Structures are given as structure tokens and as C-alpha cells.
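Presented as C-alpha cells, the chain that follows is alone, the form predicted alone.
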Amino acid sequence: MIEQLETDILILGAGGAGLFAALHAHQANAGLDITVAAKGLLGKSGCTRMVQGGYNVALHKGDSVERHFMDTIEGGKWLPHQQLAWTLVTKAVERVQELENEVGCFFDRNPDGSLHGKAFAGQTFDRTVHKGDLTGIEIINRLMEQVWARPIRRLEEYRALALIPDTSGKAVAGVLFLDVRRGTYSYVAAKAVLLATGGGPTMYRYHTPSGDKSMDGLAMALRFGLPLRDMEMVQFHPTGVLAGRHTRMTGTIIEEGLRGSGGYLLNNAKERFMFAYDKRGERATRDIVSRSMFSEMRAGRTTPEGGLYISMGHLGPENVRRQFKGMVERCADCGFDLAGGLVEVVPTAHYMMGGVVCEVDTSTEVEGLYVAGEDAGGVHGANRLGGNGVANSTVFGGIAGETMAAAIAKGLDRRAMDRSVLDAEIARAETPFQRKGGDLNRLRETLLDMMWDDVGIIREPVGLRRGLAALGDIESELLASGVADDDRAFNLTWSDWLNLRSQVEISKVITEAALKRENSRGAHFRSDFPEPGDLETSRFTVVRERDGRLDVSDAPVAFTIVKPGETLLKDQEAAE
């Protein structure tokens, strides 16, 4: 028996995008039945809560939305969808004011009462507003309070398994879930569905996202036939803690504000090296810093654990403890003294710039299906600026809530589901119970190492093709591996199996897109094609699944606001 529920708006994910969508939909129409489903616990899982650095917004004297926009476009190497990027920088202004004045967030301020903006890499202005180095906790806690105060249904520890189409195949009818607590299936029919599960490239040896992230949202979108763009663009954050393989703390980030405030990156000889790679030194964009660090590591100039060092002591230990309290405590938990000593770090897989192709109003090509946050592609192009992530989630989450409410007001209704697809997706999830037990941990370790070595920071055709072959072998062994424990409730091995299948599916997409792009842009670097190519004829990759196979193509970037070689800045701004 499958539990069946109905709702007006179904939101998959309880991060910044999902919660803002719920609040804005309710604000638009308090009579709507709104349901938020989360793989973990609301307010305690996902990645928005983990945001340390802050929120990019052009609110400070001397800054402008045009300047923020140009930083975003140039940082994204001219691949962003410009209308999405413009919406991001303009709506961020009102969203931060909403966060403070309506949601109840408190961000750090200057002595004159204005919002404090700290320096983040790759930006021409210190515009990142924050709450110390624990900005995400502040935002999520306040958003959760607002959700709890409203009649918004919450489905916790409900794992989305599949988007289910209607009988025409042209619209979404609802979502199939696994109720993790009971080990049973649920189907939720909805007039509108928002995909806001977050990305989370956890298939790399070193990665930052929370443990519940396994690319489920993009895997569901892929199987549903939706186009995914820019999937080769996997961002590596330069400074993940390197505390050894014995702890999950390895890979978790220590924030970009450390470098922005003057922190040094050092090799094993305690020498700064970044200026040998870029004139901006440690304040270059994330892709450049990560690639430079990886080059140092390949050259053997590494720390005892195989990484590099970050040093902050020259800025004054007390000052560091005051400015970066959360980071000092996190590093201390790993045995490092951030304030006065050296911390071992390594580039760590952090964010997916790629995602589902969507419009500015968050709609997709499928009726009733919307996307926001890290599941959406196009905003960041080849590289996301630090501080643009949580801005992206909250800006487009709010837009999604308003768009869905408006669509329902115009007559968008629930549709009859395609029962054959529902049955097939249940059978798919049941696969491991029809097999003998396997070594899932070994398979996962193989995936982590292969993606880091062959589809990581520096790529080449031999490694990418080797990676595709390995992914095929991993998938074949996974499908032949089962779950020994037949008890469905809180079956963590079953969860591991499902996680791995999603990770492998999206790993194949990343690898195919990386083979397609024969130039180097932002986070994607091909050693055989090290040049960025012609900016004026920039194209983005598009991957679809057709009849079980991946179809990889590309499409031209539309320069609807500014073209390469042009700028929106006035002469004085451009010269600063």
C-alpha cells in the first residue's frame, strides 16, 4: 500500500530556496496548502545552514548593482544566463532588507550603523554582508521560526525518489517519496512542484556539502528528461580542512573571508605561492586559487597530509579569534590553531554551477515544475563568486513561491499521474532487495578517488575517458549489489545504495559534459585545451537523458545585457 497525499504546492528541500518559496507562496495566498519535504530534519540538514561567509549585495556606498553584475558575469567567464544574473543582483538588495526587517535576521554592522561588508575573492567591492562567520545558521534559524509560525505542512525525513509525470508526459503530477522513518512509500500529488534539493558534489574525495547530499534532485530531473546545463562546472573551494581520512571534518571549508582579510596560503616550505599564479594572489577567484593549489600539490610541495597551509597569525591572533570565532573553534576541533599557527587545507568540491535549465521566473519546460537554488543552472556560469550562493537561493526561492502561487491562481491544477512510471520507480528503488549484499563502502571509496583523480580540478581526455569506464563498472557492480537487512525502517544501507546510484548518474553527466567542452573556463580546466576560447561565441553545454543514454550538445550564450569587451560601469567605477 502506498500512502497518498495531496497538496497545492510541494517544495522539495528545506534550505534557503525552499523555505523562502514557502513563505512567499503563503504571503501571496494564505489559503494555499503548502508542503515542505526534506530528506533530513527541517532546519538541521542541508547546506544553507552551513554557510559561513555571507551574502553578496550592492548596498554599500560606492557599490552598485551594475558592479555586482559585472563581477558575476566576469567571474562566471561570460557563461552566465545574463537575465538570471541581473535578477540575482537586483533582487538581492530587497531580499537582504527583507531578511533583516521581516524575517528577523541580524547582520554585523559598522560603527555608523551601516551593514558591514567583508572582502571576498574575485570581487571589486567588499559587499559580503554577514553574521560573523556563521551567516547560514542565522538565516536558517530565522526562516524556520517564520515557517513554524504559519500553517505550512512539514514532511521530515522524506526522501524524494522520483518526479512522476501526468498521463500526457508533458507535466508533473507529483513526487514519489520514501518515508525513511517507516521504510514505506508515499505519493504526493501537487499542482506545483519546486525542485530545491540543493546540489552537493559529494562524489569527490574532498567535499564540503552535508552528508545528506547525494545529487538526488538533479538525478531525478535527468531521468524526467529535463535538460541540464553547465554540468562540467564543479566548483572547488580552495580551503577545505585537511585533517586526515579518519574524520569527516576533512573537506569541510574554512571560509573565504580568511583570504579576503589577508590570510596567506603557504606550501611545505612555508612560502607564499599564489602571486606566481595570479597578480591578485590569495584574492583571485576560487577556480584560479584551487588550480594553483593543485599545481603546488602535484609538484610535491605539500604538507604531511598532502595539502597546503593557510596562515592567519600575522593579522594578530586576538583579531583573528574575534573576527572568525566559528572558524577558530572548528579548526581547534581538528587539532589546528587558526589564530596563531598553521592549518592544513586542500581544495574541496563545493558547489554545482550547473543544473536544470530554467527561466527567470524559475519555471522549466515541464508544466507545474519549478527549480531554484543549486538545482538550477545558468546563474553563475563557469564560476560562482563566494557570497552569491545564499543570495541565489533566497532570491530565486522567493520568486518561485510567487510564481507558483500566481500559476495556481490562473488555474494550474493537479493532474492524473502516470501509474506505470510510479510503479517503475518503486521497482527501481526496490532493486537492492532483490540482490545479495555487496560492499557499498568500497564502491563509494572507488568513486571518491576516481572523481578526484580523473574528473577533478585539472582534466585531460585520457582521464575523463578512464573515468567514464570506471563509472560504468561502478554502476554495474552497484546494480548487482544488494542490501542484506530487509527491515525497511531507517535502513541506512538502503540509503547508501540510493545515494550511490544518484551520485554515479550525475558523475556520468559531469564527465560527459567535461569531454564536450574543449576549452578552459572557470572551474573547468582541460590541460589539452588550456585557453578559454572565443568569448564572443561562448556556448554552454546541455545534457539530456534519452532512452537511457546521455545526449550531449551545446547552445550559444545570449548576451542580452552586456557583451564581452563591454561593461555597464561608468569610467570612474571601471577605473577603481
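In this text, the rigid core denotes the largest set of C-alpha atoms whose superposition between the two forms falls within 1.5 Å. Heads up: residue numbers just count along the shown sequence, starting at 1. In this text the structure is predicted, and so the values were computed from the model without any measurement.
From this point on, the text means the form predicted in complex with a small molecule, which you will not see here.
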Which of 271-279, 76-84, 206-214, 451-459 sits within 4.5 Å of the small molecule in the predicted bound form, heavy atom basis = 206-214
If you check Tyr370, Phe120, Phe396, Phe236 against the small molecule in the predicted bound form, which one has a heavy atom within 4.5 Å?
-> Phe120
Answer option from Gly401, Gly377, Pro347, Gly198, heavy atom within 4.5 Å of the small molecule in the predicted bound form | Gly198
With the partner left out of view, is Cys47 within 4.5 angstroms of the small molecule in the predicted bound form by any non-hydrogen atom?
-> yes
For Gly467, is any heavy atom within 4.5 Å of the small molecule in the predicted bound form, or not?
-> no
Check whether Ile253 has any heavy atom within 4.5 Å of a heavy atom of the small molecule in the predicted bound form, and answer yes or no.
-> yes
May I ask you to check whether Val96 falls inside a 4.5 Å heavy atom distance of the small molecule in the predicted bound form?
-> no
Do you see a C-alpha shift of 2 Å or more at Val175 between this form and the one not shown, with the core held fixed?
-> no
Is Glu255 one of the residues whose Cα moves 2 Å or more between this form and the one not shown, with the core superposed?
-> yes
